[in-house]
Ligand SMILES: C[S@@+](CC[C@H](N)C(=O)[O-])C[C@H]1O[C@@H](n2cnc3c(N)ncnc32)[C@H](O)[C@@H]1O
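Just one chain follows, in the form predicted alone, and it is written as structure tokens.
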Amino acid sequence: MTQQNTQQFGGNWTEEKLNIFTEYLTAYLTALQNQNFGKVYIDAFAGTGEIVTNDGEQHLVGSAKRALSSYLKFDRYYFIEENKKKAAELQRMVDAEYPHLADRVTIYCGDANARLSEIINQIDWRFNRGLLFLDPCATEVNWTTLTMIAETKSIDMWYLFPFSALNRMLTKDGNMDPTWAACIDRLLGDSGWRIEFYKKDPQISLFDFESGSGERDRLIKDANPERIKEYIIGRLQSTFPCVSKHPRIFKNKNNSPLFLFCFAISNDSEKAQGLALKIANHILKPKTNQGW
């Protein structure tokens, strides 16, 4: 595959993200290899199978290719890619490098939310178990999609949550473009963030009140990165029966958080949750202190 056709995304943290996911994928297939369930892999932002990071420093094998290369196999592979050229390149890669798996692979071109709904609705989840890699560039994923995933009670989900995109939309004074507010509602699934992340400005003076200047309801942002992280995890916990409390934090070169790599389990079996969470937390917990 030429560099011209290879997608460009991410930075130094991209390989770490892919390694975390690959390690879980291997453990997941190992744990289920003797189970009678059908095993389903879904990659909602599949790309071409290869990645060159935006800084041009790394050429990486993408998630789709890693899943197909695993020595233990899924029974079905579903790849979603919105870009037609990338989807076609992905199909060529499957045909050329994994012809023995071609009859197990379906590639969809289109919006990830709509295509995920289509895939989920065609599978009988009583007899299947799924692993989902949800890896958007920004705020593409609707919370209604996460709710749909949780309702299967059969999917383990890794979700690269767009922390930086959310934080940028949270303006200092709470005054924001209505489209931003609607985007946050869609991303988080409710409007509780308006109360959670803002408070009345304590610097309002007595003059402000007496003059009737309208400043008495002035708001200021009251949300540091840790608080935003806890809110995101809380929202996931309100939807999924089991969520790791140790999302991996990916940062830019200025040490500002870009993404939270979150893990959630839709299965309501305590045994299944215990095993999946044990594996995920072992992988996610940093070997050194990972502060903000």
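Computed from a predicted structure; not experimentally measured. Counting begins at 1, following the sequence as shown.
There is another form of the same protein, the form predicted together with this ligand; it is not shown, and what comes next is about it.
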| item | value |
| --- | --- |
| 4.5 Å heavy atom contact with this ligand in the model of the complex for all of L18, D43 and A112 | yes |
| Candidate stretches 117-125, 184-192, 77-85, 146-154, one within 4.5 Å of this ligand in the model of the complex by heavy atom | 77-85 |
| Contact of G62 with this ligand in the model of the complex (heavy atom, 4.5 Å) | yes |
| Proximity of E140 to this ligand in the model of the complex, heavy atoms at 4.5 Å | yes |
| Interface membership of G47, this ligand in the model of the complex, 4.5 Å heavy atom rule | yes |
| Heavy atom of P136 within 4.5 Å of this ligand in the model of the complex | yes |
| L260, A264, A67, I51 - the one with a heavy atom within 4.5 Å of this ligand in the model of the complex | I51 |
